[in-house]
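Given next, in structure tokens, is a single chain: the form predicted alone.
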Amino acid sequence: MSATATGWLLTAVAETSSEGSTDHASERLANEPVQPIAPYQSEHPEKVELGKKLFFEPRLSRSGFISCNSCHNLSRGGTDNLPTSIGHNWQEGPINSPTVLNAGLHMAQFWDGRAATLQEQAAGPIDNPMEMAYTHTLAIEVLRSIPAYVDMFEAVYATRDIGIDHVTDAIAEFEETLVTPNSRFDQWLRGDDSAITADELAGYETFKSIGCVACHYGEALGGKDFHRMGLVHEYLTENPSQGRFEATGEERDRFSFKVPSLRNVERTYPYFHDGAVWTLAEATEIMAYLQLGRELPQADIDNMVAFMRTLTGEQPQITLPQLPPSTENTPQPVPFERE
């Protein structure tokens, strides 16, 4: 946790805890495997605003229709709520789209962790033929053809010579702001015992006692490491993804995936890398069996689901940006391609 985040956390504890209970809250924060999410304060608001426009910019795709927000819809928990995403020319994506919310808290990006940073991740879909199906060169040509964008890039980067690194840097800075603080569980972590119910607390205690926190810990309750899908029992799926193996080529990484965040998990269905499970209760039951070898009683499942619903935080409040118009020099989109 950064010094800024730590300072925010101490302030939040002091503000939400009455005198005499601050020690209780501090002890809870020190002893729990989960930490509250801190608001993200960017030092570059103009870059954030530019990144927001680019996040919503469909002209970075060949069709002129698909944007970052298409698969990471900020009105739907940062996902598209589909088993796998719909790409260019209605192609079926190979894997479930992870939420973009709180992604800056993760150790790496994509299910297989092939991108080390948000900036590196932002470059991938633009020139992926199954996703936005453009090239970086053509995407930059689009932006350079629009004077308003050239002016914005100059204001942020002190150059009118736009490059793909500028584009991905701005998108990444915007995505860093997409955190979801102040969930009811975070309020409990900061000392407000009334923030969650007895059943929700019981679900959290079960979550810890059976071993879920071995993978789902930290601010994001995930995103910190990779684990094999099916540690105790094999996971049967028709999805061809080999997980981390596809990034490293190491046999030990076959079927290992980045642990997904449980923040806002009630909004990020369907679940797993193949998007095969639509309910949180079923996902909980399956994961307990696959990863821990446990068959949970229904009461434990119900309580754990209730706990996980307390992890929904304040959603980013986004004003839809107005994008500058194209010019006669802007490459035209190709929304329909026929063989």
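The model shown is predicted, which means the values in this text are computed figures rather than measured ones. When you see a residue number, it is the position in the sequence shown, counting from 1.
If you look for the form predicted together with another copy of the chain, you will not find it shown, but the lines that follow are about it.
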Which of T237, N182, Q242, Q91 has a heavy atom within 4.5 Å of another copy of the chain in the predicted bound form?
Q91
Residue (of S256, S85, N102, Q109) lying close to another copy of the chain in the predicted bound form, criterion heavy atoms within 4.5 Å
S85
Distance check, M287 to another copy of the chain in the predicted bound form, heavy atom within 4.5 Å:
no
Under a 4.5 Å heavy atom criterion, is T22 part of the interface with another copy of the chain in the predicted bound form?
no
Please run the contact check for T279 against another copy of the chain in the predicted bound form: heavy atoms, 4.5 angstroms, yes or no?
yes
Close approach of N81 to another copy of the chain in the predicted bound form, 4.5 Å, heavy atom
yes
Does every residue of S70, N73 and Y269 put a non-hydrogen atom within 4.5 angstroms of another copy of the chain in the predicted bound form?
yes
Work out which of the listed stretches, 42-50, 287-295, 28-36, 310-318, brings a heavy atom within 4.5 angstroms of another copy of the chain in the predicted bound form.
310-318
